[in-house]
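This document opens with one chain alone, in structure tokens, the form predicted alone.
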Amino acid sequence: MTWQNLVTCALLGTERQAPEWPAGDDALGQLLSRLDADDREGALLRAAGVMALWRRAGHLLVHDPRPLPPPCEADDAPDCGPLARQHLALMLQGHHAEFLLEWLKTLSVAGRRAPADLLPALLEAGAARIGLRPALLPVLGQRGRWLAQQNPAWGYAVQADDENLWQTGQFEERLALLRQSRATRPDRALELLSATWAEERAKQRREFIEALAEGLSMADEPFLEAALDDRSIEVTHAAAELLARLPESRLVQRLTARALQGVRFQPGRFFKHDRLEVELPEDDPALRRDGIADPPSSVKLGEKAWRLSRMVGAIPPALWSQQWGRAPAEILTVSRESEWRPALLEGWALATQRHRDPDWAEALLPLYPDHDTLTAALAELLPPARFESYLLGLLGDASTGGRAAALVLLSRVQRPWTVALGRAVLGQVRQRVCEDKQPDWWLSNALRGFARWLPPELSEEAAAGWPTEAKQWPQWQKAVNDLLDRLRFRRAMREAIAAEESAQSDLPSLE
């Protein structure tokens, strides 16, 4: 009986074809002969299990004729302790996994490395989550980097300080080399890429271009300007995206000249309000070269309005304030009367992110208090003190709308809070419980997320003062307990690493 016979029987159904197997004197045949033929379904499943195990046990390992790699060098940094290892193991298994990035950063600051037995799982996590990599690489140690050399999927973690890899390495190794070089020697990284640019595949060219975002400067502008003529649309768009972040680039200058002609400010006179006059751009080869082609199918704007938003999105938003003598909030108010306001808003929001303008970010935030991506992106542009001041202003607002807006905003933004902000947020949530308000579904979920940003030292303070006698407390209790459990876990994992660091520093010197 072959595996294919089993598959055929399963597809046809045991009511149409009974499973059969030939008698045999070998171990497999003897085991199959003991199955109950009257129980067709059971016999089929048991036979499948037996044969699957038999096939797996008989699988021959692939012979690799290459010599074994040289052994790993010894690590200088001390390993993390057993308690910190337990915390890491839990997170890698999916428990409190949202704190893994913080654990890695805390371990790196302490000058320690990840435990050897969990390195494969950590490298897998880094392969799946690009955002982990900057914090993961410093704690891998020599053994982690040695392991990364043995698996192409872990090539991002290879110590890419040998420029020969640019000519001989796999794509992941070359990309890692380019990224690491951009962090320390951006000009040299650009030289390496320029030397082989004509030979690179289109998909790889796009990823190499995107890697130039690290250390981006006007020194990259000639190379990126030339990349606008690449035969791949993806490469062109990637180059245009980076050029749009350079205020002095030729691309920004070209689009600025066109946008200033197409969007004009008309000051009000004789009881008339200020207004904007907009002339939508037509499609042409020059715009397509600058990365403004056909809109994606998901875009709700029309083609011309979308082109307008892309043009505006490349211009430093402070330019509009300089040209028109109006603050960002005033310009946004004037745009209310324009039928093309959605396109203008989309362009200003994009430009604010590209050029990292905090004034425009603060003016736009009230318009995007609960957006999937823009809320967090705009809030990230505010310096910590300014962001906290903005939120505390909302939380101190006498209207419930302002306080609710602050909580919604905090549910979107991923950045640590100060003690003052943490106390204000906890006080606001307690107040909502006292007012006998049922928890909104988003706030229940947000409470669990708040544990990631509250200062861990507030864990005990956060556990006190809850109005457990309130009518709606049973509906809040689980979300609050989840918040406290997560906050205590964060505190414990940070204290475990700090205690190990302290113990290491207290050891007597051997010198």
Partner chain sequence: MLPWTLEQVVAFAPDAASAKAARGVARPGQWPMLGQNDRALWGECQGSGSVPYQIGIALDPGEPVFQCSCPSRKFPCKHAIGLLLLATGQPDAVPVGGPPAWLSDWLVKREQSARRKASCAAETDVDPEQQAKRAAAKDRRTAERQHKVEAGLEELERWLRDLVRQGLAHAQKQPARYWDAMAARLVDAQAPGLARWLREMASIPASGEGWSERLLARLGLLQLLLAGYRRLGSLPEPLQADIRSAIGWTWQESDLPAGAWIRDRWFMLGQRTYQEDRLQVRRSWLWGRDCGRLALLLDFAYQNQPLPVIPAPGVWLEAELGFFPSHYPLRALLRNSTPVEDRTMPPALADGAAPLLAAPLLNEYAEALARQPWLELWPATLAEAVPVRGEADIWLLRDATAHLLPCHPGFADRWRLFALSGGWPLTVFGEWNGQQLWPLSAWRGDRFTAF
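Between two forms, the rigid core is defined as the largest C-alpha subset superposing within 1.5 Å. Numbering follows the first chain given and starts at 1. The structure displayed is predicted, hence computed values, not measured ones.
If you look for the form predicted together with its partner chain, you will not find it shown, but the lines that follow are about it.
Chemist: Please identify the residue among P247, P186, P120, G111 with any heavy atom within 4.5 Å of its partner chain in the model of the complex.
Modeler: Looking at the other structure, the residue within range turns out to be P120.
Chemist: Since exactly one of A470, L443, L458, V50 fits, which has a heavy atom within 4.5 Å of its partner chain in the model of the complex?
Modeler: For this set of options, the contacting one is V50.
Chemist: When the contact criterion is heavy atoms within 4.5 Å, does R356 count as touching its partner chain in the model of the complex?
Modeler: Flag for R356 set to no.
Chemist: Contact between L61 and its partner chain in the model of the complex at 4.5 Å, heavy atoms?
Modeler: Within the cut-off, so yes.
Chemist: Is G42 part of the interface with its partner chain in the model of the complex - any heavy atom within 4.5 Å?
Modeler: Because a heavy atom of G42 falls inside 4.5 Å of its partner chain in the model of the complex, the answer is yes.
Chemist: For P71, is any heavy atom within 4.5 Å of its partner chain in the model of the complex, or not?
Modeler: Result yes; P71 sits at the interface with its partner chain in the model of the complex.
Chemist: For the chain shown here without its partner, which stretch in 420 to 428, 233 to 241, 215 to 223, 87 to 95 has non-hydrogen atoms within 4.5 angstroms of its partner chain in the model of the complex?
Modeler: This holds for exactly one stretch, 87 to 95.
Chemist: Contact check in the model of the complex: K203, T256 and W320 versus its partner chain, with a cutoff of 4.5 Å between any heavy atoms. Do all three pass?
Modeler: The answer is no: none of the three residues contacts the partner (heavy atom, 4.5 Å cut-off).
Chemist: Pick out the residues of 453 to 488 whose heavy atoms come within 4.5 Å of its partner chain in the model of the complex.
Modeler: Residues within 4.5 Å: N481, D482, D485, R488.
Chemist: Can we say the CA of P120 moves by at least 2 Å between this form and the one not shown when the core is superposed?
Modeler: Yes, because once the rigid core is superposed, the C-alpha of P120 moves 2 Å or more between this form and the one not shown.
Chemist: Is H95 one of the residues whose C-alpha moves 2 Å or more between this form and the one not shown after the core fit?
Modeler: H95: C-alpha displaced by 2 Å or more between this form and the one not shown.
Chemist: Is P366 displaced by at least 2 Å at its C-alpha between this form and the one not shown when the rigid core is overlaid?
Modeler: P366 C-alpha, core-superposed: shift of less than 2 Å.
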